[in-house]
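What follows is one chain in structure tokens, specifically the form predicted alone.
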């Protein structure tokens, strides 16, 4: 040592311990996983503050009475399930989400194939134009649709009258109003499917199409035996994401119909708003919103399990 004294073998001085700790911390900080975690830490904190905490708080609220002074357990859920209106909400939410997602997927993949065959510069122009419905704020575009469906000043009814047909009460009849909400959601969400599927199409190797053509495959055979198998994971993930967003839809139904006529277009989000905010029963509204979770959890389980299984098959 500096003072001339010797240190027994195996004995660690405070200075040696400090250097070892500094070296360990340096190695820890240089690990890629540590750097990745530190970079993701702000996002993790935001998710914890704005997603995880509100979710657990909503679960707690759903187990309180209307005055939020007494714990009632699953009483709010049992009460909702006994109401005919809420049973109708479950049916309408599933009908709205599943029908809209199916049409968005079918139209999206059709438009993506058409776009894929357009030359470069023209493709960029059309791609930008087709993304406009998805870029415009949803509330603003829904107000435009509401004007076109308006019983007094409807653009659609004006066209029908010019062609000699009678006016249609677009938002005044239950099934027609459901159809209108689904149409607006499909119009808004299809560009997302289109751009995702177009990106997936561009990742399919041309050699596969050339090999299929050599084997005598036609256009439909290339689609079903080359294109779709290569896009299965992208299709599944896109459908799952859209299903989650569509189940939580609020703006379209709230602006177009407000849940009417006769509660025939309510979905989970709009009914939770009516019960929780407008009627002042926040625990019941929280219980209503939580009914989406088991439905989406089951859908996510089967979709992600299929994606994982196919990924393992490709890796093997």
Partner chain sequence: MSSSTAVAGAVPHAQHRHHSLHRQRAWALWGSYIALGCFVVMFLVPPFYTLMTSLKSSAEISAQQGNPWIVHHPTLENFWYLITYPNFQTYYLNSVMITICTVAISMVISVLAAFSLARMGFWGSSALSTGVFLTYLIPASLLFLPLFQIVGFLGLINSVWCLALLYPTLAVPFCTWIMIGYFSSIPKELDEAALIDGAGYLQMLWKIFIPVAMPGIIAATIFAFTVSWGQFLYPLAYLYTSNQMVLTVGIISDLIRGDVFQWGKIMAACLLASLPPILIYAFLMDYYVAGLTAGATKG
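Numbering follows the first chain given and starts at 1. Not measured: the values here are computed from a predicted model. Between two forms, the rigid core is the largest collection of C-alphas that superpose within 1.5 Å.
Missing here is the form predicted in complex with the partner chain; even so, the following discussion is about that form.
Within 4.5 Å of the partner chain in the predicted complex, a heavy atom is found for not a single one of 74, 80 and 166.
The stretch among 81-89, 94-102, 172-180, 125-133 whose residues place heavy atoms within 4.5 Å of the partner chain in the predicted complex is 125-133.
Although the partner is absent here, residue 263 is not a contact residue: none of its heavy atoms lies within 4.5 angstroms of the partner chain in the predicted complex. The closest non-hydrogen atom of residue 228 lies beyond 4.5 Å of the partner chain in the predicted complex.
None of the heavy atoms of residue 207 is located within 4.5 Å of the partner chain in the predicted complex. Using a 4.5 Å cutoff between non-hydrogen atoms, residue 295 does not count as a contact of the partner chain in the predicted complex.
Of the residues in 207-232, those that come within 4.5 Å of the partner chain in the predicted complex through at least one heavy atom are, in sequence order, 213, 217, 218, 219, 222, 230.
Core-aligned CA deviation for residue 299 between this form and the one not shown: 2 Å or greater.
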